[in-house]
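Listed next as structure tokens is one chain, alone, in the form predicted alone.
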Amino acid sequence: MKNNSKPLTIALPKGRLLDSVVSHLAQRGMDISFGSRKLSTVDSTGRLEVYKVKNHDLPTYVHHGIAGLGIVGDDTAAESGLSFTRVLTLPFGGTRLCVAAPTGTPSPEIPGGTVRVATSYVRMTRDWFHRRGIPVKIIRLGGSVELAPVLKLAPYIVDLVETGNTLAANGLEILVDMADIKVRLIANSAYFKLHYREIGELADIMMREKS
């Protein structure tokens, strides 16, 4: 059944989350299909106008109101440094942000001078160490941070961990669980105030059991 009101605008991330989000919505009667090379579409109910964007760009689109809503991991939202209204926690895509190092390395929480850390998650890493009063030197990497200890760039890394298999394959182990990372439905705060009722209805649909 088509929704006759103007659709809500929502940004979805390319990459690992997109298939999970599309499947979750489809199971609740909201089918989303992007045509060949298309980056925007309207779902089958007419409730959502959907934009497909790069994961790290998603907070910017929502912050500036280009998309009123977005689905994003806590890590991406936190690293953006931007503020949003958190509407809903979704039941998939969760992971952990961890400190890891070669097997047998002491915990970074043990006093011993400045800790060298390689990571893509600079803001979250800095905040975590500073809250504990631990001096830290952060080396920003765009990916494959598991190589940093192997190549002697830094003894510690901070990264998202799901199974831990990649760490183990590179002789690394988790030393500290820093944070549980959840997937959220977020909103531009002004947009949320203007569309509170419609967003609430969407949230109710997203939390229903499969249809």
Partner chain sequence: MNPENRQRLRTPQGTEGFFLEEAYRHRQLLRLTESHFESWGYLPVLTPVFDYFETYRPLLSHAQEERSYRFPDRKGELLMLRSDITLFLAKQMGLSLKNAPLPRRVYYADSIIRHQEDEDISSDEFFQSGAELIGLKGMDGDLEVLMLLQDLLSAMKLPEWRMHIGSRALLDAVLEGKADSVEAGNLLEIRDEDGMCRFFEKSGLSAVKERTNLLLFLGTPEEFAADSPALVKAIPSDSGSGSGIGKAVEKLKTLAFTLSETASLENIRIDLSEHGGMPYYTGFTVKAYVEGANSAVASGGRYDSLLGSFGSSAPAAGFSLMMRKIEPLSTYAADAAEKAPISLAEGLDFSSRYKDAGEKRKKGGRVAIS
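Note that the structure is a prediction, hence the values are computed from the model and not measured. Residue numbers count along the first chain shown, from 1.
Missing here is the form predicted in complex with the partner chain; even so, the following discussion is about that form.
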### Task
Select, from the options 40-48, 26-34, 63-71, 148-156, the stretch whose residues sit within 4.5 angstroms of the partner chain in the predicted bound form by heavy atom distance.
63-71
### Query
So in the predicted bound form, does any heavy atom of residue 95 sit within 4.5 Å of the partner chain?
no
### Task
Find out whether any non-hydrogen atom of residue 116 is located within 4.5 angstroms of the partner chain in the predicted bound form, and reply yes or no.
no
#### Entry: 4.5 Å heavy atom contact, residue 103 and the partner chain in the predicted bound form
no
### Message
Under a 4.5 Å heavy atom criterion, is residue 107 part of the interface with the partner chain in the predicted bound form?
### Response
no
### Summary
Those residues of 84-103 with a non-hydrogen atom no more than 4.5 Å from the partner chain in the predicted bound form are 84, 85, 86
